[in-house]
Structure formats: C-alpha cells, structure tokens
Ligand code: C2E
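Quick heads-up: it's one chain on its own, the form predicted alone, in structure tokens.
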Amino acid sequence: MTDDDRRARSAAHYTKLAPTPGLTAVVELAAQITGCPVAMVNVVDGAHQYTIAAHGISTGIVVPLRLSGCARVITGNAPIVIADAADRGEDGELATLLRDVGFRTYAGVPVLGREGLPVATLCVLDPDPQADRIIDVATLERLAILVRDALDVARSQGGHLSTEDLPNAEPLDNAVTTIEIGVREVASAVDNDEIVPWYMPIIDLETGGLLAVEALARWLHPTLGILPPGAFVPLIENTDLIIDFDLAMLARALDDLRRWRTTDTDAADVKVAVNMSAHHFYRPDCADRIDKVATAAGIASDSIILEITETVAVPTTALINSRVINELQERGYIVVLDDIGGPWLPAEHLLSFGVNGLKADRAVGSSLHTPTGRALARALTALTDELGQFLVIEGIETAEQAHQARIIGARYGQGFYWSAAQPAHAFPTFRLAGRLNPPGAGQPGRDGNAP
C-alpha cells in the first residue's frame, strides 16, 4: 500500500463527520483572526474534498479532487498561502483554480488524523486580495491542532451527518442524505433564477476575434455570495435534475445571446457554448428538447455549441448514443467533446462517435510552456486535423501560452489571459479580449474546420 493509499484510507474516517460545536468555533475564530470572510475544514481523501465545517459558506460541499485547492496542502503536508491569485508569480495551478471560483486570497494548513497522516486542512479564503496584509500562518497551524483534536473526538463518538445537522432539513419518514437535501436546494435555486450563466470568451487564435462565449453556471446565493459550479453541480449530475438544469442554463444563455444581438451588431456571428452532461446523449428525445429551447429563444442551431462534459460515474460510451449526436449535428448544432487530456474521455469515446471538435483540458493549456505540454497539444492538433475537426485549448493564462497554442496549430483558445468568467453585461469587453491580448506572431494562418 502506498503512502497516498494510507492517507486516503485514514481520511475516509472523517469524510462524513458532522460539524461539531468545536469545529464551528475554530473556523469562526480562523475567519476572525485572518479577516477572511470564509473559513473551512476540508477533508481530502483519494477522490474528493469534503467540507465538514465552515464559516461564510455551506458545509456538506463535495468537489472532485481536481477542483480541490486543499489537495495541494495535503500532498505537500505544508501550509500554502496565496495573497493575490491575480499575481502570476503565485502558485499557478492553485491561483487559476482560485480565480475560477471567485477568490483572490487563500491560506491553508494541514490537519493530521489519528494515524499521523494529513487528512484535512484548515483554510481561509477572501474574494479580495490581501497582498498588503500578512496572514498569520503560525496561528492557523495552532488552530489546526484544535481541529485535529475535534476530529478525533468526533471520530470516536461516531458523529456522522444526520438530518438534525443539516440546515432547513425537513422531517421525513425515511433517512435524508446530504445530497438529497442539496438537490432540493439546487432545484429551488434554478426555479428562482438564482443560478445564472457567466461567460468566458473563446478566441480565434489567428485573428484575435471572438468566436464564442462559454456559459458557466454561477449560483448567486442570497447569503453565501457567488458559488462556482463545483459547489453544487456534483450534487445533481447523477440525478434527473441535471437535464432540466442544463436546459435552463441553455435557455438563459440563448436569451443573453439574443439580447446582445439586438444591441450590438458585432454579436451577429458570435456563438454560445453550453456544457451538457453526458446524461443527455443517451435519451432519444435529446435533440427535440434542445430544439425546443433554441426555437423559443429564436436562435439558429449553428450558433450553439454543445460541450459534452465530464459526468461522475458515467460508464464511458454506454450512456452516449452516437445516433443522438449525429441527429444534433444534422440539425446544425456544433458538438464538442470537453476536457480531452483531462481525467475522462478515453480513446473509446473518440472511436465510438464523431463530433465537430475537441476541447483540450485546461491542464494542457497551462502546460504549453513545457515540452510535454506542447507535445500533447501538437498531438491533439494532429488528431483533429486528421478527423476534420477543430481544437480549442483551455487554460491559457499568458501571452507565451497563447503564442504556443497558435504556432502548434490550435484554432481557438480560452483562458484567463483574455478574461475570467463574467456576468452577461460584460459582453462588450469580450469582443475586445483577443485584440487587447493577441496571441502573438506565429505560423501563417490555417483554414482548418471552423465551427
């Protein structure tokens, strides 16, 4: 058994612990001492991060390991402090993750479990930078000792989550899990228009022009502020609600696109990209459902990019029907496989059905300054050329990465180099993004297969 396996096994004892008064008091004190509005105790096992105590944000949040900032603290078993995630000299990967979820400041310290291995973190976050203020890491480490003791007591007493520990839990005859409570909350938020799309521009690397904007869900929570999709989408992506959720995001994004086009002539050719769970693509009425939304919005299908996204526990091609994808393409929709080069979509997906394009995982874009990153990007470019498809590279944060993406032959780019996700009213700035931050000189233009 590896050290990582031992640590994950140790962490598994703590993932379902309820927030005790002791843990709650520690996170409140951590927020007070550091001046950060959010403080959390996050348990990290081999696959997920679990928020078991929090101040300024909900408990019970579960996110995949790749979206866990605290996983870096656990891996290194050492504190990490980022005073301003906008400073590109800071830890690049973690800073990118922070900016993506709306935070600028982060400080996290490891918490040891009963087996003496790091299993959790005590961390604080702030949507504003604290570059002019030093976070007292030594005090956070002392507080982490209190967290360790509180976790040990809770583990000994078997203090696992129950409906009594959950806010607004309704008494039911059957046991109610955290996920079921969360699903009801997310459904209510969708119905109340609290979850809306924010947008990131997708830039033509040859011209610097705006090809499309990707719609990314944000929960404008009435008490917790702006929550990223990792805080709520995992709760619903293996329920029937994911279908209604995705279609609601599509409808809102198309409404925004229609509004842009009525006020801005330069928006006439701009497309909108919307994430769609793989669960849509095995349902025979998938195309009809999407058509209904597009028709209601008055937006032509060739202005809509459907990005098939990672879905937890979707067993490869079993839930993706090639006939559904073919039907969408025949109706004019642009279908893209998302996160190529990331943790999902093995070769069998590419062999089983054809799409219009591939979208490289952000890990590819953020590694373009390395020989390995460039080699992988060139391989994906060659693959899409051979298949008659186009390639979008996500995660581009610097001028050099944009330049490298262009010269290896990728047609489109996306990332913080041009813009973070912003509300719909920021659309005019997207039109300028590629021109204000051009990809730089490179090879002559390629015709490619543009959507």
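Basically, rigid core = biggest C-alpha set you can superpose within 1.5 Å across the two forms. Treat the numbers as computed from the prediction; the structure is a model and nothing was measured. Residue numbers run from 1 along the displayed sequence.
Omitted here: the form predicted in complex with the named molecule. The next part is about that form.
message: Test of understanding: in the model of the complex, would Tyr50 fall inside 4.5 Å of the named molecule by heavy atoms?
response: No, Tyr50 is distant from the partner.
query: Looking in the model of the complex, any heavy atom of Asp45 within 4.5 Å of the named molecule?
result: So Asp45 does not count as contacting the named molecule.
query: Hey, in the model of the complex, is Phe390 touching the named molecule, heavy atoms inside 4.5 Å?
result: It does not: once the named molecule is placed as it appears in the model of the complex, Phe390 has no heavy atom within 4.5 Å of it.
- request: Please run the contact check for Thr381 against the named molecule in the model of the complex: heavy atoms, 4.5 angstroms, yes or no?
  value: Flag for Thr381 set to no.
message: Between the named molecule and Thr207, Leu368 and Ala410, in the model of the complex, does every residue show a non-hydrogen atom at 4.5 Å or closer?
response: Result no, not one residue of the spot touches the named molecule.
Region of this chain that lies against the named molecule in the model of the complex, out of 114-122, 210-218, 321-329, 257-265 [heavy atom, 4.5 Å]: Heavy atoms within 4.5 Å of the named molecule in the model of the complex occur in 210-218.
- prompt: Just one of Asn356, Asn275, Ser303, Gln130 has a heavy atom within 4.5 Å of the named molecule in the model of the complex. Which one?
  reply: Of the candidates Asn356, Asn275, Ser303, Gln130, Asn275 is the one lying within 4.5 Å of the named molecule in the model of the complex.
field: The single option of Ala294, Leu98, Ala154, Met200 touching the named molecule in the model of the complex, heavy atom within 4.5 Å
entry: Of Ala294, Leu98, Ala154, Met200, the residue with a heavy atom within 4.5 Å of the named molecule in the model of the complex is Met200.
field: Heavy atom contacts to the named molecule in the model of the complex at 4.5 Å, residues of 230-252 in sequence order
entry: In sequence order, Val233, Ile242, Phe245, Asp246, Met249 come within 4.5 Å of the partner.
query: Would you say Gln389 moves its Cα by 2 Å or more between the shown form and the other one, aligning on the core?
result: No, the C-alpha position differs by under 2 Å between the shown form and the other one.
message: When the rigid core is used for the superposition, does Ile57 move between the shown form and the other one (threshold: C-alpha shift of 2 Å or more)?
response: After core superposition, the displacement of the Ile57 C-alpha between the shown form and the other one reaches the 2 Å mark, so yes.
- prompt: Do Thr59 and Pro197 have their C-alpha atoms closer or farther apart in the model of the complex than here, with the shift being 3 angstroms or more?
  reply: It is closer: the C-alpha separation of Thr59 and Pro197 falls by at least 3 Å in the model of the complex.
message: Thinking of the 3 angstroms or more shift, are the C-alphas of Thr59 and His279 brought closer or pushed farther apart in the model of the complex than in this view?
response: So the answer is farther.
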